[in-house]
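Below you'll find only one chain, the form predicted alone, shown as structure tokens.
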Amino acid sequence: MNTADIIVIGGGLSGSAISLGLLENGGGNVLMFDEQLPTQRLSRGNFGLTWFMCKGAGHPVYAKWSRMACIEWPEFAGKLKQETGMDVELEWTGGAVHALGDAEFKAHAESIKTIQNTCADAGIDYPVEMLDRQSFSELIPDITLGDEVTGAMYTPSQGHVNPLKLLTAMRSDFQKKGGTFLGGQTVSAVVPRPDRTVLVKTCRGDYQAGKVVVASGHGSARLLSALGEKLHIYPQRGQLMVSERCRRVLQIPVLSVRQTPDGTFLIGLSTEDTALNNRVTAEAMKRQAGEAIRLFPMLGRLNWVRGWGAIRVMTPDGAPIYTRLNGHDNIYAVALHSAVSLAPLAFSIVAPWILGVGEHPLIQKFSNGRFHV
């Protein structure tokens, strides 16, 4: 029998950040499984924003959680670079959400006031402001705005990162610190045992641990249902497109358009209910390209070389799930969208909570039980 102190099922961004945090806080022998199913590889298909803006409009706790994560991001990226030598390409240049027309500009301004008031009631700062067209244009002087752009909401306190390099750096650091990574290994069942250990059955043998963390995206629902836990998540497809490399002209990411350090543009802001179908469609690409060109006309002159779809893990209120299973207090479940933005808290807060060495007062607000109505 293969044994470990803790097994983490799911080697994506959240699972990797938690696994690294477990080792950092004395978790002992930690194993991390990664099945790598094509429909569940969201950590390799996302946009890479490290944002708090617009998150938690009707959920003050989630707004605070997202803000806390952004505050920790520069130190987290620096730590990974120091310990692995890998640059995750974090650019802390701020972020913007553009407005097309006066009505949208007004709606953005009102949403800022709403979230600022919500955050103020919870004691949170929300450093976001509206920029008119001229101010927005001056912020990004090397690229011309489309005629319909009336301005943008903006904050200097967020940025973007290379999610592939982030995933690589966290996995590398995890293994460097003594963790065991097992890829391509399907987990078929999680079985609590009378001796308070947990048996994890896989396609390559059985493993036993004192604690188990299920963080395998949409694969988590199947594993947890056998334990009597309904995980309240649903799939949502998003599609992205990437351009050829060109001169760097956009230093500040916009919600639907960003330019990477190597010069490629990424565009994408689609939401589709397609179950686990992650294929790309001409209709979505045409719509996204049209919206991007309205924002930045120069994008219409580039060659677009690749597109892909990925399946988001969504909860009914948009906020993450961090939960300890009822009746099985050594089995934990983690499920969320925004795994890039929230990675620092998975490392610094969620992992210590799992170990029982510290419980942040907000953790209980993200229990799966909040949806049991």
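One rule holds for the numbers: they count along the sequence shown, beginning at 1. This one's a predicted model, so the numbers in the text were calculated from it and none came from an experiment.
Note that the form predicted in complex with a small molecule isn't included here; everything after this is about it.
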item	value
Partner proximity in the predicted complex: residue 95 to the small molecule, non-hydrogen atom cutoff 4.5 Å	no
Residue 349, heavy atom within 4.5 angstroms of the small molecule in the predicted complex	no
Contact flag, residue 222 vs the small molecule in the predicted complex, heavy atom cut 4.5 Å	yes
Contact test in the predicted complex: residue 30 vs the small molecule, heavy atoms, 4.5 Å	no
Output flag, 19, 323 and 353 jointly within 4.5 Å of the small molecule in the predicted complex, heavy atom basis	no
Location of the small molecule contact in the predicted complex, chosen stretch of 323-331, 64-72, 22-30, 337-345 [non-hydrogen atom, 4.5 Å]	337-345
Contact residue in the predicted complex, from 240, 80, 153, 119 (heavy atom within 4.5 Å of the small molecule)	240
Contact assignment for the small molecule in the predicted complex, among 198, 187, 88, 295, heavy atom within 4.5 Å	187
